[in-house]
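Okay, here we've got a single chain as structure tokens, the form predicted on its own, with questions on binding and movement later.
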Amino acid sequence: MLEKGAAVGEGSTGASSAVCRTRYSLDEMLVLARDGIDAYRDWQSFTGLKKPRASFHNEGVLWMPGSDRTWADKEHERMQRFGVSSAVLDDQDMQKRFPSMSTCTLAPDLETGETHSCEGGSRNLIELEGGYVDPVDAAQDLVQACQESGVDLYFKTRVADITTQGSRVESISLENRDKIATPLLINASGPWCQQIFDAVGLKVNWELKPVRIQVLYRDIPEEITGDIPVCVDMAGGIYFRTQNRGRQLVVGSVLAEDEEEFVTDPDDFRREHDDEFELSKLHALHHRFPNLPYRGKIRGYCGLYTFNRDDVHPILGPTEIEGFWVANGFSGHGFKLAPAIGSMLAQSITGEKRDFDTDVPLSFFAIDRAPIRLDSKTVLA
């Protein structure tokens, strides 16, 4: 494994909110998420480590669709077909389980910040086995698991060139002038994937762009009582979850307009969040938590999605260059899918099937497929 960073988590993984939710528009994605989350839920068995650093925080994933009173029931029925444990919560159920959260079904005014008289009658879906994982802990566990399995890992190692013989991969040249002969190379370099495509001389007919993504976090004050789930607030255009043993709240966006800041150089982009982003997301957060006081320091950070502008789904598997494979364009879905994506690639390369393997075929994300038709090209697709 060749990693340009000096340590684990310097790329997209380190800035991931690592939300593990199963609900997707496409059944194949739902199955992949389910299978990936199964690995995180039994991380010790998956990694083979006696004492892994990462653990699964089973907070549940709450979907709040706002004024749509039928969506949650339809998705609950769908979840049952795939063996995903879920339930539908009305206003009374919400008050019992999450007393600090408003069940208002109206969308907050994110333009002017004006308040409104809240309207109840919500129908919300909760994935009972959803949650989150610390992404850096999980990545460090994988490094250790690889090392214990005899895999060589090289950090501070950047690919400079790729040599092909005819139409197949022959070797990799590194910036330190070392050369590694290989018949098989997988491009899993996230926002830097285009540099690897250029090095091998492959024209990819997919528009894969690094996109700057902003995330906020703040301490949870004593005014907020009771449990807080991982939540996708579709009316407010935000998601949030706890971190740091439940003492902080992480807040991000699920709006398409916040996934449009494309970055030219993934090594050089603004890492601090924007004031306008902060004001908008905090307004949505205060709408969902009416007792949240207007005090406390707001912090933020930024990371990169590798956004597939054609259909916000990854491209996976072999290319027209023999021995050159791709695993790129995850568009914000990567962390929760990662164990299942690794399974798809490993099964195709080795011809073997093992515990935790998924049954979704690699061909579903093939590089020569047609773009998937979607109603919305966002991280919630």
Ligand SMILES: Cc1cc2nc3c(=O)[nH]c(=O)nc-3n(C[C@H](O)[C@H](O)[C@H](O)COP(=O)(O)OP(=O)(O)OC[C@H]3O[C@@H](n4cnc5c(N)ncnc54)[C@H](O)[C@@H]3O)c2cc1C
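From 1 onward, residues are counted along the sequence shown. This one's a predicted model, so the numbers in the text were calculated from it and none came from an experiment.
There is another form of the same protein, the form predicted together with the ligand; it is not shown, and what comes next is about it.
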Among 281-289, 257-265, 145-153, 189-197, which stretch sits within 4.5 Å of the ligand in the model of the complex, heavy atoms only?
189-197
I'd like to know if Gly332 sits close to the ligand in the model of the complex, meaning any non-hydrogen atom pair within 4.5 angstroms.
yes
Heavy atoms within 4.5 Å of the ligand in the model of the complex: does Arg158 have any?
yes
Non-hydrogen atom contact Phe98 with the ligand in the model of the complex at 4.5 angstroms:
no
Glu10, heavy atom within 4.5 angstroms of the ligand in the model of the complex:
yes
So which of Pro210, Gly303, Pro229, Gly237 reaches within 4.5 angstroms of the ligand in the model of the complex, heavy atom to heavy atom?
Gly303
Going through 268-292 from first to last, which residues have a non-hydrogen atom within 4.5 Å of the ligand in the model of the complex?
none
